[in-house]
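The data below hold one chain only, encoded as structure tokens and taken in the form predicted alone.
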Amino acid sequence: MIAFLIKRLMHAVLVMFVISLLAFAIQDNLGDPVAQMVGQSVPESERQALRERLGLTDPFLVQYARFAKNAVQGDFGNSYFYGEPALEVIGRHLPATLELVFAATLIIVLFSVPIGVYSAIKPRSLISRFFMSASIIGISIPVFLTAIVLIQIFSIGITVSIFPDATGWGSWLNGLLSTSGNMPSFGRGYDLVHVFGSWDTNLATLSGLQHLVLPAVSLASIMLPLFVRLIRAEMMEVMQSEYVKYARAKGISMRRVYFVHALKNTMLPVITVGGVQIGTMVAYTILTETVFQWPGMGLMFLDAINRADIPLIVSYLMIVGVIFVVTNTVVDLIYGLVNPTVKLTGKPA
């Protein structure tokens, strides 16, 4: 176990090195940060003096060596726009993103497992076919379009008038399909509860949860169909295995066969894929947070690109790299607990 963790720590250092190197390599293509920091009336001589003070005129290797030296000491530089340490800026936006990813993950787990298991147990039922058709549509629709549709239906509202009122049923059906649109769709709201440091949570109040619903559902929509289809496919394969057939022959109840013998082995590949996909959701938050103006790291990163805020961009990419490494490490540890025959170090038993 110790050897495994040391190996993953070395991987994290390598990932952070490569990400920081790539971010510095493309910084010249992101624009001039000085142009974003000063007004148009500032003469070129003063702009050049500011570039020299910030070290932007130094050679690439000199700039990177200076950054790496400070990064080892925990200093990732100051944001050009905020004028504060980049890690402090990220620390203010990180809680919003983590809560959004947590809520989306909870939605995925709560819905994908029962839907996937049911679709595997009764693959020919109308409900299973509906779920499979809906999953194909869900995978095909981009997350930002889902977000816009959710805002239109549940925040703005829709009025349906496709049924005639001649029999009296038309108005009732139109009203049934119409929505009033009262769900919040902008920001995190103001009724937040302070936890510690810069962490203000949406999870402690009804208003905060209402602001969280639409962004979380939108973010979960891109992964939920994938997990439903994955669980269904793995469950159907496990149901054809010999030990499941043997459990049936012994007269064990079908409920125990499904949820003890089959589901446990179904979840092994799901955990592996799920860890990677949940880490990927951090990247998908850029689109979701932009549509809902959710003040998380995704929206901050997009603003940093528009402002050519190099220290903030590099710090964000490195933090996301660390999140991926930590997520994959935790997934491997969970996989080892679920299946004790797996050796984390890769050495034979």
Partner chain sequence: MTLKKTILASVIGAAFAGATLMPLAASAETLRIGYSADFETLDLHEQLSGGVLRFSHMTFDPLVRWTKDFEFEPRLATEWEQTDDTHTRFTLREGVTFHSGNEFTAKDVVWTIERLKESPDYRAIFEPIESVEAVDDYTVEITTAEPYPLLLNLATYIFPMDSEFYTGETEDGNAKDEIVKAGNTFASRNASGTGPFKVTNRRQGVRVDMERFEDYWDTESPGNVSEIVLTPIAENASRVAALLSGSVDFIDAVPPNDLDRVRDAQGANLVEVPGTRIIGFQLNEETVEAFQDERVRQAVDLAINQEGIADRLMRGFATPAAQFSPEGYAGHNPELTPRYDLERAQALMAEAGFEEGFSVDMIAPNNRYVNDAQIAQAVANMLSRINITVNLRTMPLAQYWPEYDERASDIAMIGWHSDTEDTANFFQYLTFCIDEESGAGQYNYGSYCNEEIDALVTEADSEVDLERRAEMLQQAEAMLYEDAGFVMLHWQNLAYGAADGIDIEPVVNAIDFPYLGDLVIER
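Positions refer to the first chain, counted from 1. Given the structure is predicted, the values throughout are model-derived calculations rather than measurements.
Form predicted in complex with its partner chain: not shown, discussed below.
The closest non-hydrogen atom of residue 258 lies beyond 4.5 Å of its partner chain in the predicted bound form. Of the heavy atoms in residue 52, none are within 4.5 Å of its partner chain in the predicted bound form.
Residue contact check for residue 189: one or more of its heavy atoms lie within 4.5 Å of its partner chain in the predicted bound form.
The closest heavy atom approach of residue 205 to its partner chain in the predicted bound form falls outside 4.5 Å. In terms of contact with its partner chain in the predicted bound form, the residue from 238, 115, 151, 223 that brings a heavy atom within 4.5 Å is 151. Listed residues 283, 56, 38, 322 were compared with its partner chain in the predicted bound form; 38 is the one with a heavy atom within 4.5 Å. Contact with its partner chain in the predicted bound form holds for all three of 31, 156 and 293, each having a heavy atom within 4.5 Å. Proximity to its partner chain in the predicted bound form, taken as heavy atoms within 4.5 Å, picks out 143-151 from the listed stretches 273-281, 240-248, 143-151, 130-138. Annotation for 93-132: the only interface residue with its partner chain in the predicted bound form is 93 [heavy atom within 4.5 Å].
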